[in-house]
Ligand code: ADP
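Shown here is one chain on its own, the form predicted alone, set out as C-alpha cells.
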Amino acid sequence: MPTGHKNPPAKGMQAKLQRLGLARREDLILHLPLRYEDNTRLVPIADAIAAMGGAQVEGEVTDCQVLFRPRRQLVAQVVDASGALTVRFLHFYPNQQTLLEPGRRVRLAGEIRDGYFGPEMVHPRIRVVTAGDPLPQTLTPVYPATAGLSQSTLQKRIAAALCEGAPLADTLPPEWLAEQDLPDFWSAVRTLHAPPADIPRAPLAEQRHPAWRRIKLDELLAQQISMRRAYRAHRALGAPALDKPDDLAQKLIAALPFALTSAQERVTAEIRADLARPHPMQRLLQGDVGAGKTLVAALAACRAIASGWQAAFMAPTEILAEQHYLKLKGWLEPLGVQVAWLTGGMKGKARRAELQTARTAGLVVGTHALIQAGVDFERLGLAIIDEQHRFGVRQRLALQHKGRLPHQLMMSATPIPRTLAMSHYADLDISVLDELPPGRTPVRTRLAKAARRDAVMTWMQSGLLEGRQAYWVCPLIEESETLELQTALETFDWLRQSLPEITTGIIHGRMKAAEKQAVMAAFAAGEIRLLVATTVIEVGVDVPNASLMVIEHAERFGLSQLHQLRGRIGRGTSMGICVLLYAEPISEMARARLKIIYENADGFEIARRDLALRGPGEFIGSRQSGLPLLRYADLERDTDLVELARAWADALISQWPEAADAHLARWLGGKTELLKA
C-alpha cells in the first residue's frame, strides 16, 4: 500500500507553525509567552485544599472510573501523606484515563474548589512522575498557539531554538542599554522564555520587567527604522519645486470675509516651505471638525498653480467632493483659476469634455474618479487627499502616479493621538490645526433612551418651528445595507406623518449622485428643514443653519463616527444640540463610548480615549499594507519607549546602518520593504 510522502507530519507541523508566523529561528525566539505557570513548587494536598486556589500537588492514584451521574465523566482519587483529592474530567480522552490508572504517581496543576464530590480539581494538567523527580527551576511559559499545536510542542521547539547555534548578537550599543538600565537582547529573551522561580511576579505579569521593556523597545525600534527609511527614501526622490511667489494665495486671503487663525497661518507656512523644496512633500494635515483644513488645502493649491503646476483634490464621497468643489470654485474662480469637477457617472461626449477640462485645469476636484484610466493631467504638482484613512495605499499611489511624483498633502478630521502619530505615522511630516475659528461653540450632547424617541421628536419639532434645521441620522446596520435603507425609509415616513408642517427630505447611499446633490442643495437652501440621513453625511457636509441632530442607535457607532456626525451641526450662529438615542440592553464597550462622547468635545481627547479602548490596530484600520504592527508594545503605557525608539532609530540609520539592517531583518524577516505611501 503506498505511503505517500515520506514526512507528512512534518509538513503538517510546518503549516501550523507558519500560521503563527514561525518560519525562522528568530521567529521562534521572538514568540514570547502570554503568561506563566508556576510548577516549581509542590504543595501538600491538605494545604492546597485549605488554601482553595491554584496549586501543584503530587500523589498516587488510588481509584479511577467513568461515572454517569450526574453526567458521563471521568473521576479519580489522588492521595499523598496529608490527604486526598478528587480529580474530574467532564470531557476526556482515552489517554487521560490511561494517565490516571490506579497505582500511578502523578503531578496535578490547577484550581482546587468545592465540587460535586467535595474538594476537587476539574481538568487539571497531569504529568506522570516517579518519586523524587526534580521540579522545574524556572516558570513554565504559556505561548500563543493555534489549532493542532500543543503547548508542549511549542515549548520544545522554542527551547531548541534557544539552544541551537550561537546566541543572537545584539544590535544596540552597550552604552545605550546601560544608560536606560536595559539588559542585552539575549539575556532578555532567555529571561522571558524561562523566568527564574524567584523573579518578581508583578513586573513580569504586567510587562514592566526590564526584559519586557527591552523587547518592546526593540519592536518599536524596528517599526521606526522601517518607516524612517521610507521617509528618507521618499525625500531623496525628485519633485517640482513649487517656489514661485504666492500672490495667488495672498489674493485669496484678502478676499475672505474672515481672518486665518494663528494655527492656519502656522500650518500654511509649514506646507509652503515643503512645497518649495525639490523633493516630494509627504505631509499629514490633521485637525478637528471645523478647524479649517479645506482653506489650508486651497492655499497649498494656490502655491502649486502660481508655480505653473496643477493640483488635484480627492475626497471619498460624491457629497463631500461636490461640497469641496463648490467651496473651492467660489474661492478660486474669481481669482482666475479654472476649477474642474470630475465624477465617475458621466458618459459619452460629456465625459470626454470633462476629461479634456481636467487635463489642463488649475485645480481638479473629484472622488476615486480622479484615479481612473483615461484621466490625465498635463502638470500635476500637488495631490490633496481628504479623509486619507478612507483610501487604501494603492488608491493614494494611483493619484501620485498621475503626475511626475507630485507633492502629497493628506488630510484627516480624525485626530491622531501623539504616541500613535509618532509610531504609525513616522514616515510622514505632521501638521496640526489645534484651534477652531472664532465663533465656533462646542455642540451640546445629550443622551436619551430609545423609549423616549417620541419625546425627542417633539423637542426637535419645537426647534424646527423656530426656524432651525436638523438631521435625523438612522442607525448603522453593518450586516445589511438593505435593512439600513429600510430603516431610513421607515423613519422618513414616520417623521413626515408626525410632522406634516415640516418639509422633510431623505438622503442615503442607494440614491443616484444627481438625486443626492439635489437633496443637499435643497437642504442647504433651507427648502428642506429636516433631513433623514444614513452615514453618507458623516464627513464634510456643511450647512450652517443646521443646528439640531438626532442619532438613533448611537451605541452601534464608533467614537470617530459619532464625533464626525456631531460635527455637522453648530457650524453657524446657533448652538448645536445633538441627541444620542440608545437602545437597551447596552454593552460595556458601547456604554464607555457614549460616556466619552458625552463628556468630551475635543476630538484629540476623544481620539486618545478611543485608542485606549480599541488599540492601535483597530484605530488606524488598514492605513498601509506594509506597516509593521505591534505585538508587545502598548502605545498608551509605553510612551517613553516610543520617544526613545524614535531617537535611536535616526541614530542607528545614520551611524550604524549595518546594525539597523540586522535589527530589521530580525524583527521583520522578509517584510523589510520600504513603505510605499
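Numbers for residues come from their place in the sequence shown, where the first is 1. The structure presented is a predicted model; accordingly, all values stated were derived computationally and were not measured.
Another form exists, predicted together with the named molecule; not displayed. Remarks below refer to it.
- What is the one choice in 553, 104, 277, 327 with a heavy atom within 4.5 Å of the named molecule in the predicted bound form? Filtering the options by heavy-atom distance leaves 327.
- Task: Quick one: from 403, 576, 110, 292, grab the residue that has a heavy atom within 4.5 Å of the named molecule in the predicted bound form.
- Result: So the residue touching the named molecule in the predicted bound form, by this definition, is 292.
- Message: So if I measure heavy atom distances to the named molecule in the predicted bound form, which of the stretches 114-122, 215-223, 142-150, 251-259 falls within 4.5 Å?
- Response: It is 251-259 that comes within 4.5 Å of the partner.
- Proximity of residue 288 to the named molecule in the predicted bound form, heavy atoms at 4.5 Å: Flag for residue 288 set to yes.
- Message: Does any part of residue 264 reach within 4.5 Å of the named molecule in the predicted bound form? Heavy atoms only, please.
- Response: Yes, residue 264 lies within 4.5 Å of the named molecule in the predicted bound form.
- Message: When the contact criterion is heavy atoms within 4.5 Å, does residue 331 count as touching the named molecule in the predicted bound form?
- Response: Heavy-atom contact with the named molecule at 4.5 Å: present for residue 331.
- Task: Answer for residue 437 alone: is it within 4.5 Å of the named molecule in the predicted bound form, judged on heavy atom distances?
- Result: Within the cut-off, so yes.
- Counting only non-hydrogen atoms and a 4.5 Å cut-off, give the residues of 553-591 close to the named molecule in the predicted bound form. Only 571 sits within 4.5 Å of the partner.
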